[in-house]
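Quick setup: one chain, the form predicted alone, written in structure tokens, and binding and motion questions come after.
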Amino acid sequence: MNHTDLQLELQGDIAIIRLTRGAKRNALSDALILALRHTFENLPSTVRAAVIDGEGPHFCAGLDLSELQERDAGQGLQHSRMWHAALDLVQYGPVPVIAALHGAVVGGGLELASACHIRVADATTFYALPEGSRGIFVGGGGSVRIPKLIGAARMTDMMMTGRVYNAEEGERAGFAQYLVPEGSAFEKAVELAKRVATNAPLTNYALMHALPRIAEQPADHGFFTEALMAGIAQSAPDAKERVRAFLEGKAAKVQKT
């Protein structure tokens, strides 16, 4: 499915999902958010991992402010929940998602990136949350997801003062797990997606759906959830085959890179 502002390309078992509003720095319109939701709801069953990229020099410069309407409190609530539903499908959808970050990762663009499971940033990347200076508040899940990456204090500082993090500062703060040279974020993201796609699907599912919930649970609840997930994952035929291959010396051992 291709939308005017979103393109889906399949490379084997990898889905490349590209924002294609390059002329508007890939600003997120409601139509684009709904297209993103539709794409994740309808990914082919053969897809094992996805990469989200942005056309042009910027990943995503945030909310398309030209669409910012005067809404009453109820309408504003429903609009925010529409974004939540779409980005929940990125974080808690069918496959792991790697974001290829470059240029602006700002406002709603940072909310989208924070919903992905792995973030690769190139040297041109910069991060900002300008909502505070515009008299608005994040509404796409940023207040939940971003503090889990960088802490509430850093997010408060960004929104209160307009602080911008460059690529190196952002990687140190926790926005991205990988920092690569300019122009190579997409290549690295695809490389990682191919690696992730070789994992046992149930293990990837546990990492996407169970791990973030365990992190929010009291320790005794977390240990119990972990035990349930471990039991389920290791009972899968794929897992048994992989363990057998390791014990028979047929699987690669962990090595220092």
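Sequential numbering from 1, following the sequence displayed. Note that the coordinates shown come from a computational prediction; the quantities given were computed from them, not determined experimentally.
Beyond what is shown, the protein has a form predicted in complex with a small molecule; the following relates to that form.
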| property | result |
| --- | --- |
| Option from 166-174, 183-191, 150-158, 107-115 whose residues, in the model of the complex, bring a heavy atom within 4.5 Å of the small molecule | 107-115 |
| Heavy atom distance at most 4.5 Å to the small molecule in the model of the complex, all of 13, 44 and 94 | no |
| The small molecule contact in the model of the complex: residue 65, any heavy atom under 4.5 Å | yes |
| Exercise: residue 61 in contact with the small molecule in the model of the complex, heavy atom 4.5 Å | yes |
| The small molecule contact at residue 127 in the model of the complex, heavy atom, 4.5 Å | no |
| Exercise: residue 27 in contact with the small molecule in the model of the complex, heavy atom 4.5 Å | yes |
| Contact assignment for the small molecule in the model of the complex, among 77, 144, 85, 136, heavy atom within 4.5 Å | 136 |
